[in-house]
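Read the single chain below, which is given as structure tokens and is the form predicted on its own.
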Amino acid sequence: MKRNRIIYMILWILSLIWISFFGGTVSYGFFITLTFLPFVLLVYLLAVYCFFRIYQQIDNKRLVAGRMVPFYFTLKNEYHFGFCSIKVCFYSSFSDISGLDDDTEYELLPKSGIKKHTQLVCRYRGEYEVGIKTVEIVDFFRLIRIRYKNKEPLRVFVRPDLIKLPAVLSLDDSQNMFRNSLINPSIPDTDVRKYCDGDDIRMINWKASARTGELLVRKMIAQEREAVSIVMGSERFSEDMPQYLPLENKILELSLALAYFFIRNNIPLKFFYLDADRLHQVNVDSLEGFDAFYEEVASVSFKKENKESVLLETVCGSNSLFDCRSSFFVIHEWNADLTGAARILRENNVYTVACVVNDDINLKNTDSEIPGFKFFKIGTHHDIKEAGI
């Protein structure tokens, strides 16, 4: 296009020199034609703009991140003259369309159209626009180009993908921890049994032992805690969509993957998140309740006021984690609040795993000496199955 403009300017200058030195009907006609040509071309492009139509469609506007769905779009010429060069550019920051290129030029004959069937995939959870973003039209002589935003974009709501983890290795480590919390001790029953090596001597029933002549200990109700908790951060750390969408998507993706693994293996789950300074707790005991749980977590709103420091302080102050055998924190920042929460849980014999979703290459675990505590850093584009949690 730049070359054509240079050629046009050279011809216009030559025609101006021609009429200046020689005059004549032909020279004036050539000069006037070149002078008014851009205006004629501009009128042509305005006509294309008015009569050109775009139709695009997806089967469902509620999508799942990472899952391909059919995508259709049609370019249609509803007028009596041809359109020589039309380009469509697609939203590419958060979605991909397979088999189509932004550099493809389409030519439309009068009363004709072009229909394309392809696949669309959204990369992140959230609500945003997909499909055709802008349209570029060019005249026959390729002198003028007009680019404008598509007047009817597709807006979709994308839910996080549900990834099936083959294993959670950290859960195996928690088996070696003492199960009974100091804050929520098990309740002694009236029944007794014979003393075994390793039993707490405080649970010996001395009166029954004296009667029978052998050591007997009280049986315990819920002697081993089975529930697992997940504490998910919901703080928005940026106003820039390309920054916060990948982060929030990975936090939700990891939280749901862990939750689904526990429920699939018949491990009761307690799930915590913060919304408008209020701690929400969701309990899930079986796969029957997982669909409703997934929908609630998928629609969690990330907000600036949902501070992770407040979340950690609130959830540890509620004593709700202390009757769990292990607790998984899925958050964005490593700070002193997380260290304090890990120490409190360790004092109450709760195995703690911190999954920090962060792309900072310098972020490291500075409290690895805390026993019963594990730290993992996961980038926003890392594969959860390869994280080794």
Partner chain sequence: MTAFVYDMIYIVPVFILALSNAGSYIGIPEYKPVYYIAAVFILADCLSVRHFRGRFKIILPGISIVLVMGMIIVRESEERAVFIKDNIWFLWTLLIVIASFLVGLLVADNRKCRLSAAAGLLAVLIYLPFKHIMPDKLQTASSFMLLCFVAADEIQRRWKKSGYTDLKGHIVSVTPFIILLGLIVYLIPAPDKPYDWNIARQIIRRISDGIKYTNRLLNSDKEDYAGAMGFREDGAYFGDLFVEDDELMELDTPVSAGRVMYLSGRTLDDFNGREWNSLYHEQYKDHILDTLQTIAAVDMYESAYNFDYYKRIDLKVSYDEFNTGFYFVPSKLVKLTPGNEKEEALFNSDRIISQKHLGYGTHYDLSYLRLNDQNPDFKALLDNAAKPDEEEWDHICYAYNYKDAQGLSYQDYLAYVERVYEYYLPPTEISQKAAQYLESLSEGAGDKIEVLNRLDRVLSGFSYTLSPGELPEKIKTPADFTDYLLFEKQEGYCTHYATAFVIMARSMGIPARFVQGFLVPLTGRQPYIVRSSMAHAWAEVYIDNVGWIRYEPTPGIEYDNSWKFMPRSVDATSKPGDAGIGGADEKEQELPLPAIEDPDEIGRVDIKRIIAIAALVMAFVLVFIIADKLIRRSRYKKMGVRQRCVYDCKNCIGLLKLLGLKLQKGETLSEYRERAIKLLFDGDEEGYEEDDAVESDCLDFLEAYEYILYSRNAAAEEYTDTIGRNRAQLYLLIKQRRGVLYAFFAGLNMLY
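Predicted, not measured: the structure shown is a model, and the values here were computed from it. Residue numbers count along the first chain shown, from 1.
What follows is about the form predicted together with the partner chain, which we do not show.
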Does Y49 reach the partner chain in the model of the complex if we count a contact as any heavy atom within 4.5 Å? no
Can you tell me if F81 lies within 4.5 angstroms of the partner chain in the model of the complex, counting non-hydrogen atoms only? yes
D285: touches the partner chain in the model of the complex, heavy atom cutoff 4.5 angstroms: no
So, Q57 and the partner chain: in the model of the complex, are they within 4.5 Å at any heavy atom pair? no
Heavy atom of each of V40, T104 and L109 within 4.5 Å of the partner chain in the model of the complex: yes
Among 332-340, 64-72, 352-360, 24-32, which stretch sits within 4.5 Å of the partner chain in the model of the complex, heavy atoms only? 24-32
Partner-free chain; cross-checking the partner chain in the model of the complex, the single residue of R123, K76, R142, H280 with a heavy atom within 4.5 Å is R142
